[in-house]
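Same chain, two forms, each on its own as structure tokens: structure 1, then structure 2.
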Structure 1
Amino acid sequence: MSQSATPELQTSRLPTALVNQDPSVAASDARKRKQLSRLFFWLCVAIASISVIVLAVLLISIGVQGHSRLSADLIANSHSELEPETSGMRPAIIGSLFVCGVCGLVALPLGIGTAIFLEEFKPTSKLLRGLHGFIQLNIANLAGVPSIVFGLLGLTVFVYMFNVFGLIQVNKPGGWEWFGAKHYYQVLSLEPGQTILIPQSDLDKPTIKIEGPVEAVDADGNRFEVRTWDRKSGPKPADKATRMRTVKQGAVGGSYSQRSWYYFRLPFGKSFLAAGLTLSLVILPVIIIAAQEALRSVPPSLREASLGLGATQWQTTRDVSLPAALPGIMTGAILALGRAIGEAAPVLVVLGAAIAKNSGPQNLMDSVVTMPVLIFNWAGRPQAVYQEVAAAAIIVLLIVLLALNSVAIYVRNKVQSY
């Protein structure tokens, strides 16, 4: 700065005001600049503390709103329209676990594989380099796509499969059923409260009218002949076993399907499988980017040593790079799964906003409720009771996320200590 004017400068042709700068002006100028700097520092402190305050307000307000509902009911019960006081989120917790399980099983191998391909197998040929660059660009773009667009993709591709298999209709086994489903007609027997199952041959016929003897199956899967009974032919059979195998002449049965847990069909419909696959698309870019970072941070000298010993590229990756990068990959994967648990929009689009469900999924094609969707539904209701239950459910969700995050932080610290 020009406060201390040197003798050479004084002899130059500059105006004296510039050469002999007034020391008091220079001092006040410096003071002002220092003040501004200090002011800015405090502004920074104030603004940076806003985020802490916001977080505190958020946690406290939700805690105040929901603490009274934190009880065993919340974990043990399911949603109830009639008794909102005892509504719970058990199906939602199970549903979230299932959806995130599918999501992790699909997204992790796919994401880590892509990251390995991009980081460890850098090709030399121009064409393949172009492919690499294109995939990289594509991943960066996918990371910016809103999750609800992924939700619509899941709805179109997994739920309806572009309607290749025909439109899905309610209460109708749509699409191509592969295995795990048995279709019956259910007919009331003469014994009150008992039904007889008759195997269904024509799936398009929703009801059956029993005019003559037909074949049915009992609980053990054995076939037997159903007898018919008419008021004209005498009194009802006295024997209970016989009554259970007899139906009224002209009785009507509706279709009924039994589904094992491995029931599978195409398209997936509004199933937890479709929701999990959709969520895996949402977190795929996150996992890829995290795994790439982890692989990039493995020192090249390790790889070079391995390659120098004659190991192939894949052997080097499998035995040297991957083990070294694993903690980083795991941290990224856990954080991504945490995001998947909290993600509501894609699940909402794929499964719909209905929450009336009182158990977890019964088969692969069963729909579920997840925690964020349940919270969204409850929080959107005007009744104060549901608002409180929503806050309590949020506390449960945040605790789950916090547990996941602390696992991730633990893993990361473990790495840093090496």
Structure 2
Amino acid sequence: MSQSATPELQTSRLPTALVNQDPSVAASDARKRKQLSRLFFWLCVAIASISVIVLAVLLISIGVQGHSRLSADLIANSHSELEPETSGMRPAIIGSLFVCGVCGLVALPLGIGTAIFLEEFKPTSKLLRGLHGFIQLNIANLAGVPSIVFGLLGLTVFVYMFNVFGLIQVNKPGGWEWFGAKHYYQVLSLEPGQTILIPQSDLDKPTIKIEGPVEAVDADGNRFEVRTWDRKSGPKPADKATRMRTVKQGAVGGSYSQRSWYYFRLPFGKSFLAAGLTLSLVILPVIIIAAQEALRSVPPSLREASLGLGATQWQTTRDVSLPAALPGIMTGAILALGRAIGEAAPVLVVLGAAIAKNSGPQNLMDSVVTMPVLIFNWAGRPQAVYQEVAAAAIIVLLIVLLALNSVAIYVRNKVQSY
């Protein structure tokens, strides 16, 4: 009796419009929903196809324009004003890798650590929860700030450091030099083409005039006494070793600095270190947000099980949450670093538009040329040859970007398999 009454009871609870619905109207509505669904599907396909077609047209256009300049010279040579046909981008490739290396070394641990703190160690008090929400809101807003703003911030903070340590001036030691630099006066000896290095005691004195014997250093750092020679005293010394340690009476020497690869000073000036730190500011919000989303995707049951077994919050984060979220975190990091290697505006603000450099950085405070800046310079020139090498440089930039992304994806998959 009760089993036969159950369907009637359920039917009575349905809305009247559904119970008394005309079958033909229901079929018509179902057909309309299917048509809308099919229309939406094809709309998505059309939008995706347009994006792919535009991308393909751009790639084909760049390939047609720049394929003739894809040669070994483009990779091995540096920029040349006299011979643009043989201009290359070797210093720019090295410079971009150094800048992105600094950017990744700073932004990845800082961004992932911030995401872990904000997501896994949320405060419980009302005041700290408000502060947590304020920080979260600012990070979300920073992700949408134009990169040129970060470039101006990096110029103020990293390049000049608010002028706290003094300005960096051309050919003059500036700021606060910590280590890695030796300053000398460079004076011509009597031996043609040979110079003598005299230790510079007063950094504010740019030149020195040799009026008598002074102490100098040789190429091995050994100290010796420099002799002076005057025409009135007789002919020049005949011995080559003596001529190499003798200068003319009254010879003037200019300041000269030897810098090791670990040369470090404050402020950073227009160095690749300042450019890398500025780019790290650009991608830091993206990494934080991507890492937070990856941590949120970890099922809460995993954390609850770990905490239920007696693990601490840090142990749960280290052994449960972080390994589960690592693929998502690395995906966000790959996208962020891909953005960093193609950024031109903040690098232009920090390093300037100079491209006349024949090598990569020689020390931590050295400037570099990056691929986006070089492409920006070449693309702005009216000569057809520069338009072609700019297109070829874009292809090289894409290849480098794909290579870096491939390595990162490979590392992510290897980590995920453990």
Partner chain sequence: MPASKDSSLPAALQKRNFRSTASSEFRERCVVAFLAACGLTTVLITVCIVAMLVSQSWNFFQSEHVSLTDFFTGSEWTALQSQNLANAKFGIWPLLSGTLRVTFIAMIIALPLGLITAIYLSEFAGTRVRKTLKPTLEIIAGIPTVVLGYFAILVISPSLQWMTGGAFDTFNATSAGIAVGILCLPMVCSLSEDAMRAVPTALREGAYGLGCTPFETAVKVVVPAALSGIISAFLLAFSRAIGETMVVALAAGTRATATLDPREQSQTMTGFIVEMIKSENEYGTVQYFSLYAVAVTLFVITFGMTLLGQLIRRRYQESYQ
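Rigid core here is just the name for the largest C-alpha set that superposes within 1.5 Å across the two forms. Residue numbering: structure 1 sequence, from 1. Here the structure is a predicted model, which means the values were calculated and not measured.
- Structure 2, not structure 1, is the form predicted alone.
- N358 shows a C-alpha shift below 2 Å between structure 1 and structure 2 [criterion: core-superposed Cα displacement of 2 Å].
- The rigid-core alignment places the CA of V64 less than 2 Å apart between structure 1 and structure 2.
- In this overlay on the rigid core, A379 has a C-alpha that sits less than 2 Å away from its partner position between structure 1 and structure 2.
- In this core superposition, L36 moves its Cα by 10.4 Å between structure 1 and structure 2.
- Comparing between structure 1 and structure 2 on a rigid core frame, one finds that A48 has its C-alpha moved by 4.6 Å.
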